[in-house]
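Consider the single chain below, provided in structure tokens and representing the form predicted alone.
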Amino acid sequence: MTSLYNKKNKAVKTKKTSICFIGAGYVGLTWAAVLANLGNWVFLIEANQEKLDQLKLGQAPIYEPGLSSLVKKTVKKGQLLPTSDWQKPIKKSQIIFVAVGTPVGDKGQADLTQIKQVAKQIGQNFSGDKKIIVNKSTVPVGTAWLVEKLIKKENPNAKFEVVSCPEFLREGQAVTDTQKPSRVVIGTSSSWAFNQLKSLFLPLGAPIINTSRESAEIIKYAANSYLALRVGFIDQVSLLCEKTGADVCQVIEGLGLDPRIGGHYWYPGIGYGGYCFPKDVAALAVTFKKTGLEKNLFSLLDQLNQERPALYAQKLADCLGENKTMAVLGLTAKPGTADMRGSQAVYFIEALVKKGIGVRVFDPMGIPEAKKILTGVSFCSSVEEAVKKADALAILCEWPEFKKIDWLKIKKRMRGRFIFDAKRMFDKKKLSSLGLKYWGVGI
């Protein structure tokens, strides 16, 4: 037994536990490393051999601030145990976390292929005492029941509880969000499973709530979709501002002073992106339709968001005319990560290329991944290289490096004078005074 402390600085006695994570993506690896750092023995099952080899050397195969040192430390201490074996981790672990991907399917639904494969593997390798199977992956309502059914089909004698425990971490802040979560949601009707998981999570000092499995599954989708809705809402308001001469930033200031609304999480731009928001809104829309709710807010939100990058690409193409070149700064969905999944910048650039616009791109971290996705563009190693002889410049992601741009030098290197600020990072009056033609979203 070890004494740890919660937010109230009260000692918490916790028993170190052998647990297992299946999947070493952003969610699985971060949670596995954090729980291992608390002193638990954590098996980490990963099928990708290249990732596994890196993990065994104590190297994080994905970039996330603070994760590399945590992986190195816990692997070296023998607390984090990367493996491709299924039998020993499942036999030795009382708690098994499923943290595999649920990408968008061909009709917008969550693709549960990996979830089903994992459930079958758990059933086939099940041995030992009663276990808790925890869905950490983002899954549609009813998936816990499906996992339970698949495990029982493979092993009718297996004794276990399936629990839904959604994650709420953000890329770029995943380690901090895991070490200090805003809340822990444990979806189960089993008091035994709840108490076991409560004991595991208690050292994190977060509010822990017990819900039904169905409620926990919906909480995750509802949380992401609400945040996406705030972005989608202000994106629509920004269109009206552009038509009427208003400024969306001033509108946001006026809205934010209402305590019922708040000034947080207003990000007008070319649409919400990233790995989670687009797929989760689309999946929630499909769930509504499956329950007979054909007309729903989330189907419209998904449609409007998908149209937004091409809408701005068309506006810019109309302004520039034919045979022009545009420099694009910022390719990742958000600063501080190399992840290109779901980046609206990709769709924006693809639309420009289709219209015959030459595109030169730069991103502080995203170029290696961008080269795997984008075609028909020039990849640059600096801002200065990207803007050379460009007719226009578009800034699509709010990297801190871009705040330091020397606009006089940029003006000398560019052929044109047009600046498109998708994130409203810069002051229109300042850039206009330098002889640049500024256009920001929502103004």
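Everything numeric in this text was worked out from a predicted model, so none of it was measured. In this text, residue numbers run from 1 along the sequence as written.
The same protein also has a form predicted together with a small molecule, omitted here; what follows describes it.
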Margin query: Looking at 22-30, 405-413, 35-43, 381-389, which stretch has residues with any non-hydrogen atom within 4.5 Å of the small molecule in the model of the complex?
Written below: 22-30
Item checked: the small molecule in the model of the complex reached by all of D235, R308 and G440, non-hydrogen atom within 4.5 Å -> no
Item checked: Of G123, P335, G108, G101, the one that lies within 4.5 Å of the small molecule in the model of the complex (heavy atoms) -> G101
Notebook entry, point to check: Q94, Q114, S299, N155: which sits within 4.5 Å of the small molecule in the model of the complex by any heavy atom?
Noted result: Q114
Margin query: Contact with the small molecule in the model of the complex for N48, defined as at least one heavy atom pair within 4.5 Å: yes or no?
Written below: yes
Note to self: Would you classify K136 as touching the small molecule in the model of the complex, given a 4.5 Å non-hydrogen atom cut-off?
What the structure shows: yes
Note to self: Does any part of K72 reach within 4.5 Å of the small molecule in the model of the complex? Heavy atoms only, please.
What the structure shows: no
Check: So in the model of the complex, does any heavy atom of D363 sit within 4.5 Å of the small molecule?
Finding: no
